[in-house]
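Only one chain is shown below, in structure tokens, and it's the form predicted alone.
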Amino acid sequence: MARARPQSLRQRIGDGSGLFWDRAAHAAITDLAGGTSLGGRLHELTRKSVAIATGSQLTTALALIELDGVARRITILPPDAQPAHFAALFAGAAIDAVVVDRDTPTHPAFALPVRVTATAEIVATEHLPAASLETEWVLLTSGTTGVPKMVVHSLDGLTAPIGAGRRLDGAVVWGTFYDIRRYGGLQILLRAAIGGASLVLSSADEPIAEHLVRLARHGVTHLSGTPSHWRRALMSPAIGNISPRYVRLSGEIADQAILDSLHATFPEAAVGHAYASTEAGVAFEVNDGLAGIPAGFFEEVRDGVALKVEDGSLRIRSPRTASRYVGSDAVLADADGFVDTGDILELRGDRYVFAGRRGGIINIGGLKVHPEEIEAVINRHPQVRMSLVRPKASPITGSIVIADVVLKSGGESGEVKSELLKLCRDALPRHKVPAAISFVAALDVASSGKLARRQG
């Protein structure tokens, strides 16, 4: 018996009443049940391999809902995609059509025979193409200096963590610091759309204080971001404008300091941290208020997800995992179906804690140092908002570690520096203690929401 085609994203929206807002416009998502934002040209994209190259997150959201079930493949270009990589990406994904908007920069790769302009305005139509395909969703990996890999997901895999048929009450308003053209932000878009909730979209050039005020204006109840997003938000006096009832962290290590800060700031909110990657999908959520992962998560398969630690690295087998890379011979999972995440775990008591990334290790005279481990210690200090540990060349050991630290208002840098060094000496081996600590006004955060780490 042939497998039934799953419902398209447009069909899954149902009768919810959600609105999607960006800084300049909004749209009632359910209007897409009988309308289009693609100027009546959706039929030209039927069975095409389509690149979404829109500059606006709102037009991206509308195009994704319209194209699922209609296009053969959707490749989502994130805002930091390098134009120098477009030719290779378009060839690898066999792209033969592109959706742009008025905010899309011009580029020769976009000069395809089928080039459709999206808007934030949904126009009613009686001639919508039937959703007859199981569309491939292609996301780009981040954190690489070369051409990023392209990861193939299905809508079923992307929405599996949300829960089948789960609906949210009409008062739910999601907000996210993420960009929806990356995996973390896309998860929030899908949660809002399928759950019948509203969504406040972020904007890369919007000051954090203005974003927080806008979240408050729309009554945000559920808010998601990386720990770095949240640390920057907590530095703004405008944080007092919002009172979410659910706070979610993902994308980076959620240390105890940031979890405690969020509990203190939003005492009535549930605070949880989730683990997800572009390749492995959403693996688990931890909602007990503590950093790390309960060891029990590794003892049984939970919601179809199996976890293990091999050679120190977290490995995940899950029905939410991407099916393959497109345009590449790289192997996504091993013979047993496990994806090696490259995130290093250490068992401490009854919890696994994240030590750092395999590719981010600093070599100090032959000894390995994870910068995240040192940052977690520095971040414990009550005057510290966030920190970044990085290597500096040394003629003796090859490298030493130094730390850039952002203080909360009112911190006395001289006294705090001495306290931080003592904190590190008490908690860390000698080679992991920073050789120098500098106080800075801010730290760079990449478009993915993660700390921008640099070498040297």
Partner chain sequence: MSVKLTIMDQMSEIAREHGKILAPLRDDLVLLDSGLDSLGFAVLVARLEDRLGVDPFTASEDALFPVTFGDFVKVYENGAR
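Here the structure is a predicted model, which is why all the values come from computation and not from measurement. Numbering follows the first chain given and starts at 1.
Quick note: we don't show the form predicted in complex with its partner chain, though the next part is all about it.
Practice prompt. Considering its partner chain in the model of the complex, find the one stretch among 254-262, 351-359, 194-202, 102-110 with heavy atoms no farther than 4.5 Å from it.
Written response: Within 4.5 Å of the partner lies stretch 254-262.
Worksheet item: Does each of Arg232, Met235 and Ile396 have at least one heavy atom within 4.5 Å of its partner chain in the model of the complex?
Response: Answer is yes for this spot.
Worksheet item: Tell me, which of Ile364, Ala93, Ala269, Ile122 has a heavy atom within 4.5 angstroms of its partner chain in the model of the complex?
Response: By the 4.5 Å criterion, the partner-contacting residue is Ile364.
Fill in: Selected contact from His43, Lys392, His26, Lys408, since only one has a non-hydrogen atom within 4.5 angstroms of its partner chain in the model of the complex
In short, Lys392.
Practice prompt. Indicate whether Arg47 is a 4.5 Å heavy atom neighbour of its partner chain in the model of the complex.
Written response: Although its partner chain is absent here, Arg47 would stay clear of it in the model of the complex, with no heavy atoms inside 4.5 Å.
Discussion item. Just checking whether Ala435 would be counted as a contact of its partner chain in the model of the complex - the rule being heavy atoms within 4.5 angstroms.
Written reply: Judged by the heavy-atom cut-off of 4.5 Å, Ala435 is in contact with its partner chain in the model of the complex.
Fill in: Touches its partner chain in the model of the complex: Ile400 (any heavy atom, 4.5 Å)
Contact check for Ile400: yes, within 4.5 Å of its partner chain in the model of the complex.
Worksheet entry | in the model of the complex, Val286 touching its partner chain (heavy atom, 4.5 Å) | Val286: no contact with its partner chain in the model of the complex.
Worksheet item: For 289-321: residues with a non-hydrogen atom within 4.5 angstroms of its partner chain in the model of the complex?
Response: Result: empty, none.
Worksheet item: Quick one: Ala257 and Lys422 C-alpha atoms, closer or farther in the model of the complex compared with this form (3 angstroms or more)?
Response: Farther apart, which means the C-alphas of Ala257 and Lys422 are at least 3 Å more distant in the model of the complex.
Worksheet entry | Comparison of CA distance in the model of the complex with shown form for Thr265, Leu420, at least 3 Å | Farther: Thr265 and Leu420 separate by 3 Å or more in the model of the complex.
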